[in-house]
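Given next, in structure tokens, is a single chain: the form predicted on its own.
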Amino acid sequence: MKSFPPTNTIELASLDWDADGQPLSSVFGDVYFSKANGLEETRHVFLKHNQLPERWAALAETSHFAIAETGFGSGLNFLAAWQLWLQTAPESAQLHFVTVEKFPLNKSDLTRALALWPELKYLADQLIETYPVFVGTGFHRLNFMNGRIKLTLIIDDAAQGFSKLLASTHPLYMRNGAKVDAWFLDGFAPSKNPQMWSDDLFSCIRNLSKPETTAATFSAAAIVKNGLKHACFAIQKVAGFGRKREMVKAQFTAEPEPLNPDDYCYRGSFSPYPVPWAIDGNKTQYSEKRALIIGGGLAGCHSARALAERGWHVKILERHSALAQEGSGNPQGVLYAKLSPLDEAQAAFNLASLQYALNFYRPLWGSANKNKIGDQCGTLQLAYKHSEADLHELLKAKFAHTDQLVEFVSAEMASQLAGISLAQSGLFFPQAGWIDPRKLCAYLVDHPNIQVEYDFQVSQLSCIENNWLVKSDKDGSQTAPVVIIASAKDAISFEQANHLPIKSIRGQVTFIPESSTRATLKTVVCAEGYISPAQEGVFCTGATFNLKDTETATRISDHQTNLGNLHEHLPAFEVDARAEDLEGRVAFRCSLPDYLPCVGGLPLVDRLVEDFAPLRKNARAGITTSGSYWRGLYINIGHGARGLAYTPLCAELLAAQINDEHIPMPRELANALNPARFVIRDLTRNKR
């Protein structure tokens, strides 16, 4: 397997600790917070001079407020803002804290630093528990208190990290995305770290701000004041904290002058500007927070929960008499993702999805939890063939120091973990395990803002005066300004989605009675298929992979295939039962040609083809037109065999797009999931 050299390596912070137990950067020779009182400094500089107590007390119900910070450091500013939010903001409002850090602290240093502030311990413990494992640059979305507090921790250079929040790097569309309400301009002093305070950073600050956006910074250095002025902020010098004489507070004063599209119609063969097909020219801010979701599987239920926690009233339209009856209906599903050494969209998405899912499910594993959805027994991926063994070797360079996420285990260690003799080495994910998707869906819809209407088979989907009308085959109907199609392979039955190259892949699982084997299993084991520890006296193993197969009934031959895979890769797991005596279940995975999900607004295909026709001859043509998308119509499908890992992050992305928030992943990765990508791809290949 070919591997590319890593382009996104990071360096963890290197700390010294002074006599008072306070951290200092050994690289920059600067303190992380005031030696006088770091918490009071944060309250004075960032909370007070962004007028946050007054602004938050005046917020409307179910609104959201976005803070952006340069330099996460120890997380002290985030925790102080979180504490103030709980004291002043409406209970239904959401705080979204977006922060960039180039040199993140490791977990032990973070824990030691935050121990200095015992009054923040309750909040600090939650941050420490969910603190990510860092594998290169990237986004980490953490949710606290059922989504009331959201932290997006971007590991990157400040300017580079914030540029990935922009809707586009095309000059005409840089300002099209979600905006920041207040800036915490922290980080090491300009004299110690001038590279951070760059023109590119202040350009991002300008493009991510709106009228009434405020900023505060401990620094009164000329480079900071001039940068804010060029970013269209009116600045004011005020008294600093402690012995520091001055600091700066500022306010965004006006929208920048509109640009002329004619200036960006590049006539050469290779435009320096990206093609803005992913920009939604019909982007809407919804005054009425009401949505319909077609489909009550994992994608639909996660989408409903993500919107409900944002104050939306959601109704799921499910054609069956219960949730999770199609691809999400197996009694045991495995939480796992395919790691890769490559620097590409699929690798980045798998890693981000896995980490987000592990945090999402963490509170639901425990046996004492009434919402227990499965067993956090760990997931073991065996090197069951030469190509897998080669892949695991290549992964070692990238994941060598990430034992909290994945461990490289020998055959002997794998056997100890699984409780059964194994001949292969493998990857072990200690925080993963198996989940009952049916119980998970029931938990997800248990929210006062979510309703489910069963036995609702959608027969028609049409737009009438900016509202969507959804009719059933029994003459019932529902209307809402927003509709999400989450019906997997059946999405293609809707005219608005029939351009998507959906693949339906049949899979059959086999149920093995615990009484038919003397073997025990302590963890999920994945090889050619998977097997989970027994639930209620039954092991679940599979699944087969049958493309272009529409048979809904179980087949003895497929049970034989599943048993054969067990015998080949787990020979110690002996089954004393005949295939014809076993039960199982058939379901159909929904997949797409690039093996990435399809998440976002659905495009107006004919308009898109017309506007971006020059791509047939030149994939980087100088097009200045934005994309055309249906108003209020979205989709969340294509999760294949990894629905448990993929759907939480995809639902968070979709809800952020609908609710006009900063998204939980880099712009390029969101574009890789955009439903319009297939139309654009066909145009560049001259297939449309």
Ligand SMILES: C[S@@+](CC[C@H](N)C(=O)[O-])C[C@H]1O[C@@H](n2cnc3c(N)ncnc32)[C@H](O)[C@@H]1O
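Each residue number is its position in the shown sequence, starting from 1. None of these values were measured; they are calculated from a predicted model.
This protein has a second form, the form predicted in complex with the named molecule, left out of what is shown; the following refers to that one.
The candidate stretches are 282-290, 383-391, 74-82, 143-151, and the one lying within 4.5 Å of the named molecule in the predicted complex by heavy atoms is 74-82. In the predicted complex, none of the heavy atoms of L358 sits within 4.5 Å of a heavy atom of the named molecule. Heavy atoms of K102 reach within 4.5 Å of the named molecule in the predicted complex, making it an interface residue. Proximity of A345 to the named molecule in the predicted complex falls outside the 4.5 Å heavy atom cutoff. None of the heavy atoms of T517 is located within 4.5 Å of the named molecule in the predicted complex. Within 4.5 Å of the named molecule in the predicted complex, a heavy atom is found for every one of V31, D156 and M196.
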